[in-house]
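In the form predicted on its own, a lone chain appears below as C-alpha cells.
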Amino acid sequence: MAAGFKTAEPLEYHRSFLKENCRPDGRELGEFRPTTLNISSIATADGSALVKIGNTTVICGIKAELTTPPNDAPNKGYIVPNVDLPPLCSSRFRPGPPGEQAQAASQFIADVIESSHLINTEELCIEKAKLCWVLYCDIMCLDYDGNLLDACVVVLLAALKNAQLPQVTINKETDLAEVDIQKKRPLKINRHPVGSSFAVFDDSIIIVDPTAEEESLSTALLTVVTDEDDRLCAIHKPGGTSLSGEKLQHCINRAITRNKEISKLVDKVIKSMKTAK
C-alpha cells in the first residue's frame, strides 16, 4: 500500500512524513546521511579521494602537469576542476558531452576554489612567466542519489590534501625543467571549505542533504559553503522559491556546524593513513 502511494503521489507521500518532522528514510529534517571518506584511492594519480554521502558516491583524481603560466598572471599556476556525471551513476544521465548539471557543478567547484582561497595559485608557479603547475581535478560520480555538490567539495578538499608534487628546478645551462620524483612535497592548503546543501518543500520546510527524489520534489535547492573560520565562501541557489533572511541564516548556521564535522573526518582519515605508513 505504502509503495503504491509513494509511486502515485510522491509529493503527498513525502508531506505525510514532513508533517511528523521526519523523512521517508528515517532521518530528521536537519540530519545528514552517514559520510565516509577514503584517500589515495587511485594509485596512478598525484592525489585522490573517494567520498560517500549516503548512496551518493564521488571519486576525485588529481593529475599535475607542467605548463606555461597564463599571460595575464605570469606568477600563478592553474587549477582546472571537471565534474563528470556518466550514465553509470544514474539513468537520468546520457552518454555524450557534459550535460547542464555537470557543467554547472564544474563551474560551482571552480567558483568555490577561487572564492575560498583554497590554494594560493602563486605557490604553483615554479619560475615566473616560464613554468608552473596545472592541477587537473577530475571528479566523477559513481552513484548519484542527490546532494552532488557537497560530495564534490569534500572529495576535492580531501584529494588536494592527499596530493604530492615532485620537486622541479630549471637547469640554468639548458633552460629545461628537471623533475625529481624522489623528492615530493604536499600542497599547502590555506582554507578548508565545506558545502552543505538544503532542499525547500512547499516554500517553507527546509531539509538538509536531500536525496535525488527529495531534490526532484522540492521547490528550491540551496548550497552554502563555509570555511573553518566560519566565513561564508559561496552560496549557490539555482532558481526556485525565495528564502527569508531568517531561513537563510539558519542554513548558514547549520553549514558552519557541518564544516566542523567534515574537517574532523578529513583530519582523522589523513592521520590514520600517515599512521598506517
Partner chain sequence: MAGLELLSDQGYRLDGRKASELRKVQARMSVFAQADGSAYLEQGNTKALAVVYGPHEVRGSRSKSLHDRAVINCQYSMATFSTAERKRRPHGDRKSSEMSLHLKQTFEAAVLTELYPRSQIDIYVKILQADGGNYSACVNAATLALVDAGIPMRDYVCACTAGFVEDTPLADLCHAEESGGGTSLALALLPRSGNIALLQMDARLHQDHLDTLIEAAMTACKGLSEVLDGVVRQHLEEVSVLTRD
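A quick note: this is a predicted structure, and the numbers were derived from the prediction, not measured. Positions refer to the first chain, counted from 1.
What comes next is about the form predicted in complex with its partner chain, which is not displayed.
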Please determine whether N55 contacts its partner chain in the model of the complex, using a 4.5 Å cut-off between heavy atoms. yes
Taking the shortest heavy atom distance, is Q167 within 4.5 Å of its partner chain in the model of the complex? no
Considering only heavy atoms, tell me if W133 and its partner chain come within 4.5 Å of each other in the model of the complex. no
With the cut-off set at 4.5 Å between non-hydrogen atoms, does I42 touch its partner chain in the model of the complex? yes
Selected contact from H117, R185, K128, R94, since only one has a non-hydrogen atom within 4.5 angstroms of its partner chain in the model of the complex: R94
From the list A177, L142, I189, A73, which entry has a heavy atom within 4.5 Å of its partner chain in the model of the complex? L142
Option from 117-125, 202-210, 153-161, 81-89 whose residues, in the model of the complex, bring a heavy atom within 4.5 Å of its partner chain: 81-89
Taking its partner chain in the model of the complex, which residues along 45-74 bring a heavy atom to within 4.5 Å of it? A45, K52, N55, T57, I59, C60, G61, K63, E65
